[in-house]
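Listed next as structure tokens: two forms of one protein chain, kept apart as structure 1 and structure 2.
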Structure 1
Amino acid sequence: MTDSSAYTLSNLVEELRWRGMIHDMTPGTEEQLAKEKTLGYIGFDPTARSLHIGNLATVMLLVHLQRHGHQPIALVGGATGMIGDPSGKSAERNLLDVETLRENQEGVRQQLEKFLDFKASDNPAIMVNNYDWFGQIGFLEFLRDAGKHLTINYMIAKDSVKKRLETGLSFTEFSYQLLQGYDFYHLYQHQGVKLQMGGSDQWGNITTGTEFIRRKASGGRHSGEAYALTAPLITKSDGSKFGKSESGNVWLDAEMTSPYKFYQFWLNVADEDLSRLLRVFSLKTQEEIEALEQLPNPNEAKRALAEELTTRIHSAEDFENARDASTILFGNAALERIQRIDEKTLLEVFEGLPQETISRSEYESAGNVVDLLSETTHQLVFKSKGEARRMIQQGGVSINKEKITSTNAEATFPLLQDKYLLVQRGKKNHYLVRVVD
């Protein structure tokens, strides 16, 4: 990949390798991808109404596939989502109800559309839902048609199953790999899909598919050749799980994780993880990424990564607001700078902050800062007065960028725009209090 314009069928694997996105491939995968335009798919089960950045890594596999001229298919698991994948799960899962699943499918579908080009002339991305074929199949039909081709012995040997044999695994979850295998077969038969990709935890399920195809389809008009490629799970240098912030999963849905938080997540990535994340998530060229990696101050590279992803997943405007909010909240920008911002911008910029609205009389009746930051603002900042007191004594609280020095300070602070208070707890936690008449 020395020439950034050289996206060819054949160097896809080369690029993925450089990006550290290949964990495992079945033999012949690289040759297949070099030989011809190949249809490849990844399945996403609609377990939530949004994807999170943990899913993003595999989405990127599809993106690269398409950029190199192959044809990506995103499969939404309307059917498999009803079953529950035992891979990587230590206990039986609760089933989602049909209504929730339907909503989730729609959300996931919309998000995938942001990454893939469904209008490309040569290799438009395709979206399929496995409920479309599973919904029609009867149980007996499925047992005769699919179940006959794999042995229990084979299925039990899978890691995801073996690990659960001790603690228990329902027949439903046990069947999951057969469904996923059948998906692959179905796409192979009907659309000529030859490749399935996914995270490394999916290896077992994916190879059930290649095996299934080999046994069922070979000898006919198809060769029975199908391939698997998995990407390593993203790990963090400190051992904690990637994709979680202190407040939980980082979602792609702006309602669930604000663009501001999303932007902040990437800025706060550990130095040691930065290079790997750039390679997996950035669509910049190898030269550009290597240049970023060389920078003496890793923050610049983090900012570039944060900008690229916030823009792609949300919008240029969301990115600008997140960036502006960050400069104001973390920079040395003095009080006058914030006071000068007009109300509309202020609200836009601080949209992602936790907020609470109180009435002017409530504000005026607060005895001191401690009351204001706990009771009066309905536990937005502190859940008890003791906590507020402690934090102030430790010098961790600022209002409108000014440090609070005494717990007895009167609660009379100049409101921004005659309405807002910007409260800071520690270095990274900001809150917006709105006072209304």
Structure 2
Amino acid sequence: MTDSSAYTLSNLVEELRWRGMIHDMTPGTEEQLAKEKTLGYIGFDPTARSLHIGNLATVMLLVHLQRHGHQPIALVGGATGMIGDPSGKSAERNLLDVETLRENQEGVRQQLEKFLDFKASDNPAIMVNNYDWFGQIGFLEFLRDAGKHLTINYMIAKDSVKKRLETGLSFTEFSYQLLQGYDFYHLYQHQGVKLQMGGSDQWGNITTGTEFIRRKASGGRHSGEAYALTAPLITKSDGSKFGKSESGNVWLDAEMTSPYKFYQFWLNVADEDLSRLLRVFSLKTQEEIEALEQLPNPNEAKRALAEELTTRIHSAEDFENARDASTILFGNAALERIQRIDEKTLLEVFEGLPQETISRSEYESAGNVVDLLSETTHQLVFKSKGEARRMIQQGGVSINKEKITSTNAEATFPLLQDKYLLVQRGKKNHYLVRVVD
């Protein structure tokens, strides 16, 4: 797959298989996708104002669907988001109010526009909100027209329900799969959607939709044909959930997870996870990805993946800023590059470093670099002047990435952001001095 001609209807499933992005398919799915342009959708409940990288794997299903000539639909669950999907959950979600859901919907929409082409001439992406139809349906009407088509026995047999029956499942959550099934039916009837996709934890909900369509629409103008395709949930090599850092979810919103921390997340993925992550999250060709997989130093492939994703989700400028910031502590970042980094990112880099705050008058009155690194900074870096002198003479001290060569050097260093000094002692010990007015 090296040129645009390779992206045809018929080889979508072939590409998804190579990328390890197929967990289950209903019979006939591959034949349907090879036969004609197909409308396929994935639902996103707006439970937060941002998607996170756990959602990104399913977004990539829509991306590949569109690249191969099919038409993607992103359903934002303004209605189902009020209930919450019990799939994969051990407890019931907190219910969100309408205003919060609307704000979340807008955030999700803006993020999806970075991946899907809503202005394509032949197969533009479409966004729909299921509140537009559920808001018009009365409770009794829904029970009569939808509830009678699926039995309680059928719904209880779903894994997502069985697992929760042991701990307790409200009727509200139990009804979720019926609502999702109706979504599929509505899109099938009104827009000719024949495919629903999602993560493997959604298999039960999605196949409820195909069964609902088979029972309610069979004999109609679409003859009740609907299909399901799910991708494996992304987990780490140790089996733990992928997409979380020490501080929680890695979000696509820059205010919730900064571009620097987003970039760092990809740089720090485990070597044994790298091949799978490249295939799922990168849009590079098969040849390009296999070339990255064969590099002797996996960090080069990690940097390539981090660059691609940070640029696509944030911007080229954000990537460059994050890349430069990542070299401050253990790289060869030049002072002028450090000075260009914004203060918020700079402080993220320095997070966790031993720090000391001194006044500007203390800084300006420091006699020389030895005084600065011992007495003036309250023994943050060195406990004594003698210790400071010995380390400087051994070439083991830098300030703002500049090696200190003389113990008599004046303490007049340009401050980062006009308020910070980054001190390095030896190869791995870093300290931050904050100068305040």
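All figures in this text were calculated on a predicted structure; none of them were measured in a lab. Basically, rigid core = biggest C-alpha set you can superpose within 1.5 Å across the two forms. Every residue number counts along structure 1's sequence, beginning with 1.
Trainee: These are two forms of one chain. I'd like to know which is the form predicted together with the RNA.
Mentor: Structure 1 is the matching one, since it is the form predicted together with the RNA.
Trainee: After a rigid core superposition, would you say the CA of P124 moves by 2 angstroms or more between structure 1 and structure 2, or not?
Mentor: Superposed on the core, P124 moves its C-alpha less than 2 Å between structure 1 and structure 2.
Trainee: Superposing on the rigid core, does the Cα of E348 end up 2 Å or more away between structure 1 and structure 2?
Mentor: Comparing forms between structure 1 and structure 2, the E348 CA shifts at least 2 Å.
Trainee: Superposing on the rigid core, is the Cα displacement of P232 between structure 1 and structure 2 2 Å or more?
Mentor: It does not reach a 2 Å shift.
Trainee: For D418, what C-alpha shift in Å is seen between structure 1 and structure 2 once the core is overlaid?
Mentor: On core superposition, this C-alpha lies 3.9 Å from its counterpart.
Trainee: Check the Cα of K401 between structure 1 and structure 2 on a core superposition and give its shift in Å.
Mentor: C-alpha shift for K401: 6.3 Å.
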